[in-house]
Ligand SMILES: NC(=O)c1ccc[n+]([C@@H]2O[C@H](COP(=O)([O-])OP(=O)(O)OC[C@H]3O[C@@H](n4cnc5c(N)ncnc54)[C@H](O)[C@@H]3O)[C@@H](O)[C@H]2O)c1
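So this first bit is one chain, no partners, the form predicted alone, shown in structure tokens.
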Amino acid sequence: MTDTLRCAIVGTGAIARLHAEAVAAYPHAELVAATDLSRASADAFAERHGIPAVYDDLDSLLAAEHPDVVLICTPPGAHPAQTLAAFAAGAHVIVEKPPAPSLDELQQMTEAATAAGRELAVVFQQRTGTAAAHVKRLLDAGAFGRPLVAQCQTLWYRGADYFAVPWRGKWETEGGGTTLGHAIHQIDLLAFLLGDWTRVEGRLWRLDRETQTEDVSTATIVFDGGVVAQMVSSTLSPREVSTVRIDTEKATITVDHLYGHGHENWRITPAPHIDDAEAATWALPEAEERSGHEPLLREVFDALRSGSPLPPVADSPARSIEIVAAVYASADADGAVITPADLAAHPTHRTSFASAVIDLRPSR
């Protein structure tokens, strides 16, 4: 691999801009090619970002350019085949969330990465930023005492125009509703901070939108150590917010934001019995970096160039998608408890997340 990582983008929709900007900000990477189902979209994107080559399809791009890294910014249903093609061509892959429409397909992707000697990084950018790293260090060190109870809220608003895009709101092409498409970011941040899960009980609801999938979901998630978390996700909430709250023996940790967080979004509130001197040791660092694609790609690129394992901001690609799959599996079993062992043996929710949705919309 050369000193400069040669990167290619697949899919030039809205999220691709963040990838292009992150590559441009990294001194040892460059965008050499792009492709999209719409040649006009790819041409316009390449012109905006100074990309020298555009191809009609991924196979042509891989054959001609032999990129070091393929950045996959397409709808979820396309991720597995594109990832496998990139690995077969000798490239590393950085793929947008959710990485695959099913756990089996994600396993195929990770196995292909291992066989090719390449890395699979998933974009869960909420893990990044100096505040999240600081809080995780303190939690891991036991500075807050034992975590006890948590909340995970993804209350967003998506109107009819959002679901008018042909692949959205359909099990076959999107893989799931708001749980997979939206809540997974905050679920991933919560799991990044708390670790592995042990059981899930979930429900899916369709309250208003014209979709096959859910527009609201609710779940109870239990993590290692007995932390009990309540999760709610919605596409019906005009006052949008993304929230993670963790109550521990010594403090309450909260982050309230929407699509990204900085130090101003985090708050650590000591319990009444904690003195000021101890609370002062929890202060966020003076140097600040917000969450986002740029720090995530920077850490991944550093690892790829050095041959190191993927950093914590990009490892464990299956953890949050397992929790989502467990929510769907539980909903399909009338809210039954799902454990990791249950999920591993659950054929439906390893091959497809299509699940039972409780439709409470008025008659139309």
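Note that residue numbering begins at 1 and tracks the sequence as displayed. Predicted, not measured: the structure shown is a model, and the values here were computed from it.
FYI, the form predicted in complex with the named molecule isn't displayed, but the following is about it.
Proximity of E201, T218 and R350 to the named molecule in the model of the complex is absent: no residue of the three has a non-hydrogen atom within 4.5 angstroms. Comment: 73-81 is the region of 280-288, 266-274, 73-81, 133-141 lying near the named molecule in the model of the complex, near meaning a non-hydrogen atom within 4.5 Å.
Exactly one listed residue, out of L310, L37, A44, A318, brings a non-hydrogen atom to within 4.5 Å of the named molecule in the model of the complex: L37. A heavy atom within 4.5 Å of the named molecule in the model of the complex is found for one listed residue only; from H293, H261, K250, R209, this is H293. Looking at A86, you'd find every heavy atom of it more than 4.5 angstroms from the named molecule in the model of the complex. Proximity of T12 to the named molecule in the model of the complex falls within the 4.5 Å heavy atom cutoff. By the criterion of a heavy atom within 4.5 Å, H185 is counted among the residues contacting the named molecule in the model of the complex. Taking the partner from the other structure, the named molecule in the model of the complex has no heavy atom within 4.5 Å of any heavy atom of R118.
Contact annotation for 97-111: residues with any non-hydrogen atom within 4.5 angstroms of the named molecule in the model of the complex are K97, P98, listed in sequence order.
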